[in-house]
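Taking the form predicted on its own, here's one chain by itself in structure tokens.
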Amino acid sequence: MEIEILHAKSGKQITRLDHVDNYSTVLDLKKWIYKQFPRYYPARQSLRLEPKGRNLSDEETVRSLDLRVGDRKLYLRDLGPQIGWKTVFLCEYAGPIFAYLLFYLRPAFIYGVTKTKTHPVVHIAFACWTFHYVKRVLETQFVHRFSHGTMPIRNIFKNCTYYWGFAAFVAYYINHPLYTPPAYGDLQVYPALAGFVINELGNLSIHLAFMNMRPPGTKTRSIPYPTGNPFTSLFSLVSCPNYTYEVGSWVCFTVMTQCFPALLFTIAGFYQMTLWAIGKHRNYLKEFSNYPRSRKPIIPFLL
């Protein structure tokens, strides 16, 4: 059969694909387009049934698309230059480590002060911050299994600006010679530190559970349920407990440091993770008819 490929915005014909059969996949079509137009490598293409329709997955077959005889056409949208998710994650998570290190290790360079007495919480905050982002780098390398291979290259600049900028903002105030320690001293610092560690372990546990749910090299999706790890019991209450634990970590970090920029970072992160969690929760409900309706996206019983 023959399929006409049209530009999603202009509606103009880009090409015609000949000798397509019912068992050809969307990925096969993308590869054939790429052979004719090397600029449009598969990751850059979005094929759709309608100009503003949903993006067809690579695994769908021509037969499943139910194209009408005599009017077999698909719309191609150029997603622009792409970059791997892993590359973006490694950049956005490694940057905050070095940004924070600059303020922590070189106060004379930043503040013009050679010797200053620092409160123990300054060192604890550095250890917590570094632990979190080293964990994220290692998870990106060894734990995360991405359902999408690439994202628009512009995202690396946006994401890195967010993470690196907040790292510098938070580090500047916590490591400042005039930094004011928490009002309640150790009674405030150490319980919050314990909460931070617990939430970090919970976040790691959820990421490991997600990894075990998806066999290597596949895009398999299934309903997440608690495992033998007690930290995963939060799956019974929310769809994205990894975000719940992450927000918990930064709430504890904010309480521990009593730092306003840390509070702003926590609020910004909570807002963004809430949007992601709501989107993923809705996808679960659409994809699985037996998905537990009692679950909330990110905050148990509330949101």
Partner chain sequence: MAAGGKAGPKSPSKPRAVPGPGPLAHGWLVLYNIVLTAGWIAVLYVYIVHVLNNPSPPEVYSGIYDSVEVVLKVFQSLALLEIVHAALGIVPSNVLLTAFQVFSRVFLLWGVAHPFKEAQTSLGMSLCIAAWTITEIIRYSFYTFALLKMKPYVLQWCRYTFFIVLYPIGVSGELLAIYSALTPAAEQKAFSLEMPNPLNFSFYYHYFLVGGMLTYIPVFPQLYFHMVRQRRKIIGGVTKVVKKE
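Just so it is clear, the model here is predicted, and its values are computed rather than measured. Residue numbers count along the first chain shown, from 1.
The same protein also has a form predicted together with the partner chain, omitted here; what follows describes it.
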Answer key, the partner chain contact in the predicted bound form at 4.5 Å (heavy atoms) among L178, A108, A127, A194: the residue is L178
From Y173, Y190, W164, F146: within 4.5 Å of the partner chain in the predicted bound form by heavy atoms is Y173
Taking heavy atoms and a 4.5 Å cut-off, does S249 contact the partner chain in the predicted bound form?
no
According to a 4.5 angstroms non-hydrogen atom cut-off, is F131 in contact with the partner chain in the predicted bound form?
no
Would you check, heavy atoms only and a 4.5 Å threshold, whether C259 touches the partner chain in the predicted bound form?
yes
Examine F169 and determine whether its closest non-hydrogen atom to the partner chain in the predicted bound form is within 4.5 angstroms.
yes
Answer range among 231-239, 251-259, 60-68, 35-43 for contact with the partner chain, defined in the predicted bound form as heavy atoms within 4.5 Å:
251-259
